[in-house]
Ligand SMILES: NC(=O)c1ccc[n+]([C@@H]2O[C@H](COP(=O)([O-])OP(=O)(O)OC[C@H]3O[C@@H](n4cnc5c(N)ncnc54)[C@H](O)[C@@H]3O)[C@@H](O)[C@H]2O)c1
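Only one chain is shown below, in structure tokens, and it's the form predicted alone.
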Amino acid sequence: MVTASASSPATGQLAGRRVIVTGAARGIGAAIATTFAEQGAHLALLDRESERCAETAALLGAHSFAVDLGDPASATSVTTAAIDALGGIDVLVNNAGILLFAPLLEITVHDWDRTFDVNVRSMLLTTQVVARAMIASGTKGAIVNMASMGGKVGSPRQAHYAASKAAVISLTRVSAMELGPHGIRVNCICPGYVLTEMGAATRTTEMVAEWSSHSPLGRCAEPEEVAEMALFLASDQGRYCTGQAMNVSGGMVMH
């Protein structure tokens, strides 16, 4: 739940940093936005859930932009508008994504393409817009992409999702190689099972117990724990980290 005040503090790990967070209306994205606001960031929040995004932004004193990042023209134009609203850009968090379930032999071309449009292509486009702005202004910024442990190990009925998140990991590594000479760091996060608000209506106690059994810590993650990794990678604490796919999986994945 978003609880930060509407004004960013003058101090903090991200004090004065201008940050775009995509998929920020709820769940992990909202947790990242809240954590970053508490650390002094000036925020622009992007999400296709316009009302919920506006509510979250109002609580954090942030700019709000409604956008379907699966649409290439909208992804580019709204990212540009967000940078203009912030007066520049220091950090991009590419969190927006979708998860569709289907057995391998039943995945449709439409669902495959939609998954890649939102989960991968949108990251390419927002990264291009942001990186060009950073390079033009000489900003030594940071980009944090949201991948998944599924991008490393896969899961039944999620071939399109797992493949898209594997693509995010590769896109992150190549982006780090090409943007590093400009002082721009690019990393991604690979969460395990996260107890988000969105999944609360469908998950059961038995499901959570099953997921938790795969972690040596015996539990699932909270959105705030993923947000703290994003903070590390976006802040000066992670200044020598780039090209990494950081697991936040409670040991469910160890590589």
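The model shown is predicted, which means the values in this text are computed figures rather than measured ones. We number the residues from 1 along the sequence you see.
Another form, the form predicted in complex with the ligand, is not on view; read the next lines as being about it.
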Which among 170-178, 91-99, 104-112, 136-144 is in contact with the ligand in the predicted complex, heavy atoms within 4.5 angstroms?
91-99
Each of Thr76, Ala82 and Phe232 near the ligand in the predicted complex, meaning some heavy atom within 4.5 Å?
no
From Glu222, Glu197, Glu228, Glu55: within 4.5 Å of the ligand in the predicted complex by heavy atoms is Glu197
Considering only heavy atoms, tell me if Ser148 and the ligand come within 4.5 Å of each other in the predicted complex.
yes
Taking the ligand as it sits in the predicted complex, is Val118 near enough to touch it, meaning that at least one heavy atom pair lies within 4.5 angstroms?
yes
Would you please decide whether Arg48 lies within 4.5 angstroms of the ligand in the predicted complex, comparing each non-hydrogen atom pair?
yes
Would Ile20 show up as a contact with the ligand in the predicted complex if we use heavy atoms at 4.5 Å?
no
Contacts with the ligand in the predicted complex, stretch 25-46 (heavy atom within 4.5 Å):
Ala25, Arg26, Gly27, Ile28, Gly29
